[in-house]
Ligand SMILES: Cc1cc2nc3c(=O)[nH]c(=O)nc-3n(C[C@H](O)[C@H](O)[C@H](O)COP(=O)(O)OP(=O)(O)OC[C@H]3O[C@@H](n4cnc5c(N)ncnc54)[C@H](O)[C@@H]3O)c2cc1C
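So this first bit is one chain, no partners, the form predicted alone, shown in structure tokens.
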Amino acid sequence: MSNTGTTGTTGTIRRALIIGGGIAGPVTALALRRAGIEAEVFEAYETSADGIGGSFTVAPNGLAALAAVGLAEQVDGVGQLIERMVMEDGKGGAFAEIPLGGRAMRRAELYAVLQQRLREEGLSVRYGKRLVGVEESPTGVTARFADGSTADGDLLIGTDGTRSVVRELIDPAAPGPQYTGLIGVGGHSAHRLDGAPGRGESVHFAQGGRAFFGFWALPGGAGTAWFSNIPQPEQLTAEQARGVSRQDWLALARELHAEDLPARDVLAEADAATVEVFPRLEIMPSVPNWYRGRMVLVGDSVHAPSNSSGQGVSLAVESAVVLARCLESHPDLPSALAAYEAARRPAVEEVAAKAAVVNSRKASAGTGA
């Protein structure tokens, strides 16, 4: 993206307020900088999210979006290359291979890369800024925060996740996130997959008899990363999930995968100290209004497919880049936001629909449904 600053929408959109400092927010700020628009990121939590979060795969479209904001080299330095997805039968046999060319990494690794780049470019993140209201005028927008402070800009962008405050301000009747019926449990195992056919630089998915299992070999023979999507009809709160010990979550995964291969062997050598639990595996249904006036949504706040898609992060960062390009290339804000939605809605809803089918199969595993 060129840094024009004086053509198209950037002539009137000079400063953006970004609500949400996870992954999509910083990428949006970096993309806007390249479109000639200054941005400031506001995060509701009091501190940064350093070291927090599990693992995910960034698909090629996500890597391309990160490259577009100048992070190709930095992203290549974290995680590991994943050349293909391998679909297995739960008994150790593969029945399909799908080329991927993505990277598996921990959320904390990508988060650290983004925070470093924000500092290098002089873009700030202000913590402890929980949005409570917005006031719009013909010439700008003012964000009001719970601590009594305010911030002024020309555009407010909601990158504040599935429980987005900005989404509710745009449309109080907008749908909220839907629970998938699954809990995520994952960690590391000392079990080595080296030498197994097709197991190098691959991520593997297997629908077991009672739960879904995913795994991939860690670099340098360091063992195996794994996760299990466990059917759970009643959604647990974070407090309820933390009330179960890591050892007990691992024991449950071992029980559910006792007859699945290689899940049984991977879990036999799993380290309980590395186990993480994610009780909020959620999706966003179709959101009727992506924008209104001087407010617009990006990432999970407007399109969060299930984790079965493998596209959540990639779609979010891709949308950030597309929004910046639309703001740069269109003559006014309404046409830019309309172009952004037109470019992104069909793609993200297609991914979400396909992932929902897979999710349904996972959630019904072992129930006879």
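In this text, all values refer to a predicted model and were calculated from it rather than measured experimentally. Each residue number is its position in the shown sequence, starting from 1.
What follows is about the form predicted together with the ligand, which we do not show.
Colleague: So, a 4.5 angstroms cut-off on heavy atom distances: do all three of G62, A67 and E109 pass it with respect to the ligand in the predicted bound form?
Modeller: Result no, not one residue of the spot touches the ligand.
Colleague: Within a 4.5 Å heavy atom cut-off, is R130 in contact with the ligand in the predicted bound form?
Modeller: It does: once the ligand is placed as it appears in the predicted bound form, R130 has a heavy atom within 4.5 Å of it.
Colleague: Is E328 one of the residues lying within 4.5 Å of the ligand in the predicted bound form, judged by heavy atom distances?
Modeller: Result no; E328 lies far from the ligand in the predicted bound form.
Colleague: Going by a heavy atom distance of 4.5 Å, is L323 a contact of the ligand in the predicted bound form?
Modeller: Looking in the predicted bound form, residue contacts with the ligand do not include L323, since no heavy atom lies within 4.5 Å.
Colleague: Within 4.5 Å, heavy atoms only: does D300 come near the ligand in the predicted bound form?
Modeller: D300: contacts the ligand in the predicted bound form.
Colleague: Looking at V113, V165, V203, V141, which is the one with a non-hydrogen atom within 4.5 Å of the ligand in the predicted bound form?
Modeller: For this set of options, the contacting one is V165.
Colleague: With the partner left out here, which residues of 273-291 have a non-hydrogen atom within 4.5 Å of the ligand in the predicted bound form?
Modeller: Residue within 4.5 Å: F278 only.
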